[in-house]
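Listed next as structure tokens is one chain, alone, in the form predicted on its own.
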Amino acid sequence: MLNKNRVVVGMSGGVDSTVAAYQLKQMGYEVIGVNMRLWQDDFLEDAHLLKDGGCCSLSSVEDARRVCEQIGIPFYALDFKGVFKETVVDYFIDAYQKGETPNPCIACNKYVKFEALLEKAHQLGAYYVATGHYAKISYDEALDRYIVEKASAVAKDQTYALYNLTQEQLKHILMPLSEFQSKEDVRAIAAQFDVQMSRKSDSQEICFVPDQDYVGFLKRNGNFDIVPGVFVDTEGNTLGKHQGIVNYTVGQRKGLGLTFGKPMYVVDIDPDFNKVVLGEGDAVFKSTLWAKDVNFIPFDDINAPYSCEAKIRYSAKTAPCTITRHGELLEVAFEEPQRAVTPGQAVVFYKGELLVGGGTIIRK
């Protein structure tokens, strides 16, 4: 029998998860802190790059342990390296090999934080898991479904990375930072019990690549060769040589290694023929994209064209669009062309503050 007053909090050693655990303890929950050991990179450990950064750095684990003791909750460090490698790292490597730009945070949320950790929480008798995400989860009686809405701290909103949560998962998730107005307010809470923690900087973009050298990571961990190929223009004419498709992403202008006398951008990557397609500014805009592996939250699916807003990357602004179902795929038609529609990234749909759902952008 699961205890509805017991909650497992994923403790990264950062400010957000720490304050999430503290808030839940103040609310009367029986809180258990769990640090998830996700990845080990011997190269970076030898280079001392994991001392102060990364999801599994020694300092992060010790910070999580220390604050759990200060808050007065039990702390466990658990090994999730197997599921993380299979569902996040292998996916990350495979996507780059296919000429895509992956989003590992979305994969981690789906398979690790809200699947594997939730399973572990249930084993500990906890009904809930909680994280330091900035998003609102509530139950809508009219819809008879759980819904997700943007956080009050608009600048920190993380709903983009949560679009693929299921109704069963949402029933068991708490996000106590949803009503905070800013990160500064969260830091102020942390300062009440741990000044050192309140001053800790935000985590980097890819937690398991703390030096941010993702090409180096691929070379160390990918089971494939990074082979040079050719740049071509949108007509197929050869422009020069590239250093391997993993070095490029759609929309990129700098770091091409060639000069053309005018700005040129990556507009497509062809993994089958090891080509990187370059074009001028207009060529990097598209009005339509296609998505796979679509998930909706307020309803199961759409049966007719549906008007909403969408964003094609975490940092993008939402833009009006119409989405239409075509078998397993979804067509997304924007009112205004969008810059750098990137295969492998997520397209996420909104109705105002409501998170409607999303899917993975494909090359089509």
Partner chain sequence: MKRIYLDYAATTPVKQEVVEAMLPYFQEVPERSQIEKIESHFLKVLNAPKGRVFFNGGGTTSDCDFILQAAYFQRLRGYGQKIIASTIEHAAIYKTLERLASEGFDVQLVPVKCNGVLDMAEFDAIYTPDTALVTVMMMNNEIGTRQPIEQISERLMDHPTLFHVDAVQALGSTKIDLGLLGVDAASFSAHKIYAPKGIGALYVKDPWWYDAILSSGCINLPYLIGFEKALELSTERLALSCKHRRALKLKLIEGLEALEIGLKVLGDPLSLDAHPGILNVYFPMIDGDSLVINYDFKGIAISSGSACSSGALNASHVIKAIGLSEKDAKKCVRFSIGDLTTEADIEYVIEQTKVMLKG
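Numbering follows the first chain given and starts at 1. Because the structure is predicted, anything quoted here is derived from the model rather than measured.
The discussion below concerns the form predicted together with its partner chain, not included here.
Of the candidate stretches 213-221, 233-241, 187-195, 72-80, only 72-80 has residues whose heavy atoms lie within 4.5 Å of its partner chain in the predicted complex. Think of it this way: in the predicted complex, its partner chain has a heavy atom of just one of 67, 32, 323, 310 within 4.5 Å, and the residue is 32.
Taking 183, 98, 286, 120 one by one, only a single residue has any non-hydrogen atom within 4.5 Å of its partner chain in the predicted complex, and it is 120. Its partner chain is not drawn, but in the predicted complex it has a heavy atom within 4.5 Å of residue 124.
Under a 4.5 angstroms non-hydrogen atom cutoff, its partner chain in the predicted complex lacks residue 363 among its neighbouring residues. Although the partner is absent here, residue 26 sits far enough away that none of its heavy atoms falls within 4.5 Å of its partner chain in the predicted complex. Contact here is defined as any heavy atom lying within 4.5 Å of its partner chain in the predicted complex, and by that definition each of 6, 37 and 40 is a contact residue.
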